[in-house]
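Heads up, the chain below is alone and in the form predicted alone; it's given as structure tokens.
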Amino acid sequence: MKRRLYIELENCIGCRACLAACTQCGGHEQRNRNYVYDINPFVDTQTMPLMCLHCEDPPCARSCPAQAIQIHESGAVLSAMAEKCIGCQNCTIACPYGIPKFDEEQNLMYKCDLCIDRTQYDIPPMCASVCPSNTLQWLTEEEIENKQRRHDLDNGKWVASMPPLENETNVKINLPGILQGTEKLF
């Protein structure tokens, strides 16, 4: 049964446990590949995790002239393969979400790989496994549809999974509360 990462933004308490767990994930070389964004630090304490949405047709992979970015059969968009990456940074520029980062020291792009060493065996990614507020969840399609139905109020204020900027993604985001009567985040 296919599972996806589901992000329920209004639950985020800014604890950054997801960042610490990402750093500890095998193969991440002690670098976290996710971020916690302070939405408007001068107004409130609302935070949100920011991570790769694993687009089904990822612009980062499309823009790579060396074909260093591969897509796993599960849909996870992997970090650039070290032996192929030429350090051109096209992927960083192409991503509409600003996710891939470039390591100048290693001349290599890196980003969330959805803990493919875990998720290919249906083990939740490290970030979701440690999230104390259920902001990050590892859910089946049916579980995600049930959550989205609860939030689809059709009043123009509550949104469940915004239309993606680029194309369909393998990570779903729930935004109710944060956007209620206010401006969009993206």
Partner chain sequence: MTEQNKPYEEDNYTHNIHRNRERTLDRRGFMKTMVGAAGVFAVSSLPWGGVAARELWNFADDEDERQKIANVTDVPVGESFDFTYPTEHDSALLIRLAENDYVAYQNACTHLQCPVFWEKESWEMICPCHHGYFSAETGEPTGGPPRRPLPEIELQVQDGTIYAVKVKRYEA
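Keep in mind that this is a model prediction, so the values were computed, not measured. Positions refer to the first chain, counted from 1.
The form predicted in complex with its partner chain exists for this protein as well; it is not shown, and the discussion that follows is about that form.
- Checked against its partner chain in the predicted complex, the candidates 48, 61, 144, 131 yield a single residue with a heavy atom inside 4.5 Å, and that residue is 61.
- Stretch 65-73 is the contacting one of 65-73, 24-32, 37-45, 133-141, since its residues have non-hydrogen atoms within 4.5 Å of its partner chain in the predicted complex.
- The candidate spot formed by 56, 78 and 84 lies fully in contact with its partner chain in the predicted complex, as each residue has a heavy atom within 4.5 Å of it.
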